[in-house]
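A single chain, nothing else alongside it, follows as C-alpha cells in the form predicted on its own.
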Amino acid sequence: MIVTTLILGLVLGGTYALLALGLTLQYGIARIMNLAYGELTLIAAFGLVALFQQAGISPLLSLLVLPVLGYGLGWILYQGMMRPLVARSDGTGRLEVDSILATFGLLFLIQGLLLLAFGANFTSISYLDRGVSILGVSVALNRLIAFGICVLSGGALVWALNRTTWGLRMRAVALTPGSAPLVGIDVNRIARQGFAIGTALACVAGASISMYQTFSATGGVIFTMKALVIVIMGGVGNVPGALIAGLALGLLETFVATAIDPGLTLAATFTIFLAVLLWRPQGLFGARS
C-alpha cells in the first residue's frame, strides 16, 4: 500500500505542480493574481479535445501547438488588459487588487464563451489510457506522460531562471521591480514575457489533464484554487518550491483518499493551506523567483 500511495501520489502531484507553474510566474514576476487561470487551462483542454475528435489530430501533436498559441494569447491579454492596470498602479500595491477584479470578470467572460461553444456537459477522451506497471503498481500511460511533461517543464524553467541572463532578469524583476530599470532592464517587457509564459504553461497543463480527466466549462475555478494553494505553499515566485509543493499535495491527497476517506481530500488540502497562511505566510520554501 505504501508503494502504491507513493507512486500514485507523485504522479498526481506532478499534475498539480505542472498546473501551478504558470500561476507562479504570473504572480511572482508580473505581480498579477490571475483568477481566470483555470479558465485558460480549460481553453487548451477543450482545444485539444476538439482537435482530436473533429480533426483527428494527435493530442501529443496538440501539446506542441497549444502552448505556442497560449503564449500569444497571454501576450495579448497582458498588453491589452493588464498593461493599463500596471501603468495605473504606478508601482504601488494597487495592481494586485486591480488584477483580481479584472481577472474575476475575465473568468466569467471566458466561462460564458466556453459554455456557448461546448455546452455544460462533462467532456473527456480516452487516449493512451492503458496501464503501465511501475514497481508492481499499474499507472495509466497518459498520467505518466503528464508527469513527464511536469518534470521537463519544471526542470527547464528552473535551469533557465538560474543559469541564463534571461532568468537573471526575470528574478531581478520579481525581487526588486523598482530597482531593475536602474540596470537597464525593461520591466514591462519582462513582466509581459512572464505573464505570456505563464499562460503557455497553463495551456500545457490543460492539454495534459484533458487526456485523462473529465472536465466541464464551469470547472476552471477548481484548477485555479489548486494552483493558488500550491503557489502559496511553495512561496510566491518560487518555481522549485511550487514543484515540491505540488508533489507534496499529490502525496497528501492520495494518502488521505486511500487511508482515510476520499471525501476528505479537499478538506485536507485547505487545512494545510490555512496552516501555511497562519504560521508561514511566506510559503514553506520562501518567496523568490
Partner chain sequence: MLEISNLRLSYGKHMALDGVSLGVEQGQMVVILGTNGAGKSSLLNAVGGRVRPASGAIRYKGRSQTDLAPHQLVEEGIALVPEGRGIFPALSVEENLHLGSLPERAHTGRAARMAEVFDLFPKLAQRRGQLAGTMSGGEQQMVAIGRALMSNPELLLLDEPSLGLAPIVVKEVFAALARIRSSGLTILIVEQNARATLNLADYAYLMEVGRISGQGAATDIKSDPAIVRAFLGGALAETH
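Positions refer to the first chain, counted from 1. Keep in mind that this is a model prediction, so the values were computed, not measured.
Keep in mind that the form predicted in complex with its partner chain is not shown, yet the notes after this line are about it.
With its partner chain omitted here, the record of contacts in the predicted complex names 170-178 of 144-152, 170-178, 73-81, 193-201, defined by a heavy atom within 4.5 Å. Among residues of the shown chain, G184 is one whose heavy atoms approach its partner chain to within 4.5 Å in the predicted complex. In the predicted complex, its partner chain lies beyond 4.5 angstroms of every heavy atom of every residue of 210-241.
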